[in-house]
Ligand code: ATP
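Quick heads-up: it's one chain on its own, the form predicted alone, in structure tokens.
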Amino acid sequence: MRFSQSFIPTVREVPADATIASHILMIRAALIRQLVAGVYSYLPMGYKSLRKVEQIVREEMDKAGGIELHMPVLVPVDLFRKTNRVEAFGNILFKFKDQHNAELSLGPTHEEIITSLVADHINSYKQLPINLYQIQTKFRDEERPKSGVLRTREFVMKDAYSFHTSLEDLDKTYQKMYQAYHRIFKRCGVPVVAVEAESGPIGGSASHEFMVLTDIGEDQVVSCDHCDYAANVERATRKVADGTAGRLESEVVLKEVHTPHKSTIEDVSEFLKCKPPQVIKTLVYRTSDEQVVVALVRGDHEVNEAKLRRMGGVSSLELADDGTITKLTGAAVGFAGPIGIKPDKMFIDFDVPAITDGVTGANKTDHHFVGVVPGRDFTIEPEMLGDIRNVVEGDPCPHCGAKLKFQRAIEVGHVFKLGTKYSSALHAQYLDAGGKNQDMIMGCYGIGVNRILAAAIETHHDENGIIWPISIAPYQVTVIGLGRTPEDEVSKTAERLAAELESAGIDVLFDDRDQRPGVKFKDADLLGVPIRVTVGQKTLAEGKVELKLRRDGEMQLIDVDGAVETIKTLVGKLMAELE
């Protein structure tokens, strides 16, 4: 491709609304342009890279037994109602009515559509297992799209769905997908860490996220340096000791004290001259079936609602409104405590029983109890105790006991064991060998294709621009001629070399513009083309051309007569490093 005949409107200035490297460089290097908030056009350079990522994903999915199809963007909202996901998705659904007054959504994901499709066409155990996938545009009405293509309202996802007759069979496909994902990210040149994860609104029994560690990431990964434990912050656990072991029987006296207008942990701690770990934080929740659930954690900890949902056996949970709290406690918000209240369920974090001489709300406005001893002043049954808080840095690793650490990360892929959540709701059943109807067991496997591009740039760039992994670079080689006229020997040699490289199957960007050498070199660095070949008058007179690697700046002179074979070999070597 001739630079002069392509569409590569590079930008020298840093865009005002871009704050992270991938967003800045994707605009400056003419990969994307924003249409409206969270919606981007992919220019030729960006689209070539996107298609290369898609092809790697497609190849690895096919090798792992996936069968490609293509599902609609338009989804009847009633399908989401059947699986109780309209509420779970909330405001991210793009909903509207067609001219026949039917309510539709732009697809945020396709579990319901694929399950409905399979339910219509598969009815025997002999037709299972099957793993179907697509590479498709998704739509989510993000409230605050940001960070370029990392959080958008329109994006490309590879989503796969597998259907099985047993959990053992699901495990086999899950492992195939898990390994395929590692191969995909390696081939794309994106370093990932696989971590235990929450399933979120997708649902399911088990899942892993594939994370790229970077300071600009929106997610947090909890990991251990002494073993292979890693999880996202929603899923992470810690080793729990018996908090009451060796505890001396406290002689403190329970007492109610006046705490006027002191309803926060910070205000109460300062007023009573105690520390937040002494405070028992009482949070009140409501479930979708109107049950009232109370959660107790230490004052310096935060409730993990995903863990609380699992422990309570409920699919949805939200903080109670002021009226519910007042009805339960008889007090204003901020003065709830576990003593004397009767919620439908109460769950207590493992760290709470270790508190002695504690502080908690007195269920009376402007009052707290001091001298609280859990187990003495309120009941703790074994079934109430569990891990319901977020881990904090320094907590003991659940595997080896070493200290946990936190790192920021970008999620680029997610695999789930769904079980029968969708097949049961949408009647996707099969006849087993005994002639009985059984719900299909499902798995779900997603990759953010756009995010791979951004993650690759975040992990491969310098002050001059992008440093593409060669497998997903829009062009593998750029040939720059420094001739004075299009007809001189330097220009003709550069054009011939570019044409021969293209004939050899290499993606080549031939910079034939009438520009100064410095401009061409700066653009080559900005665009991140892995191999730069420069044909100049002095080197050509010696029968040489200059070859430079973008990733390390290594430069060498190679014979012009054997340049095509030398470059072809180098491209193969760089590709092989990613296999």
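Residue indices: 1-based, along the sequence shown. Model, not experiment: these values are computed from the prediction.
Absent from the display: the form predicted together with the named molecule. The rest refers to it.
Trainee: Is R496 close enough to the named molecule in the predicted bound form to count, meaning some heavy atom within 4.5 Å?
Mentor: Judged by the heavy-atom cut-off of 4.5 Å, R496 is well away from the named molecule in the predicted bound form.
Trainee: Does A306 make contact with the named molecule in the predicted bound form, using a 4.5 Å heavy atom cut-off?
Mentor: Looking in the predicted bound form, residue contacts with the named molecule do not include A306, since no heavy atom lies within 4.5 Å.
Trainee: Check whether D395 has any heavy atom within 4.5 Å of a heavy atom of the named molecule in the predicted bound form, and answer yes or no.
Mentor: Looking in the predicted bound form, residue contacts with the named molecule do not include D395, since no heavy atom lies within 4.5 Å.
Trainee: Please run the contact check for R151 against the named molecule in the predicted bound form: heavy atoms, 4.5 angstroms, yes or no?
Mentor: Output for R151 is yes: heavy atoms within 4.5 Å of the named molecule.
Trainee: Judged by heavy atoms and a 4.5 Å cut-off, are H110, Y133 and G443 together in contact with the named molecule in the predicted bound form?
Mentor: The answer is no: none of the three residues contacts the partner (heavy atom, 4.5 Å cut-off).
Trainee: Identify which of F155, F347, Y430, Y174 has a heavy atom within 4.5 Å of the named molecule in the predicted bound form; exactly one of them does.
Mentor: The option sitting close enough to the partner is F155.
Trainee: Between V412, V268, I280, A336, only one gets a heavy atom within 4.5 angstroms of the named molecule in the predicted bound form; which residue is that?
Mentor: Partner contact (heavy atom, 4.5 Å) among the options: V412.
Trainee: Since the chain is shown here on its own, which stretch among 368-376, 324-332, 121-129, 404-412 would lie within 4.5 Å of the named molecule in the predicted bound form, judged by heavy atoms?
Mentor: Residues of 404-412 come within 4.5 Å of the partner.
Trainee: Give, in sequence order, every residue of 447-461 that has a heavy atom within 4.5 Å of the named molecule in the predicted bound form, or say none if there are no such residues.
Mentor: Sequence-ordered list: I447, G448, R451.
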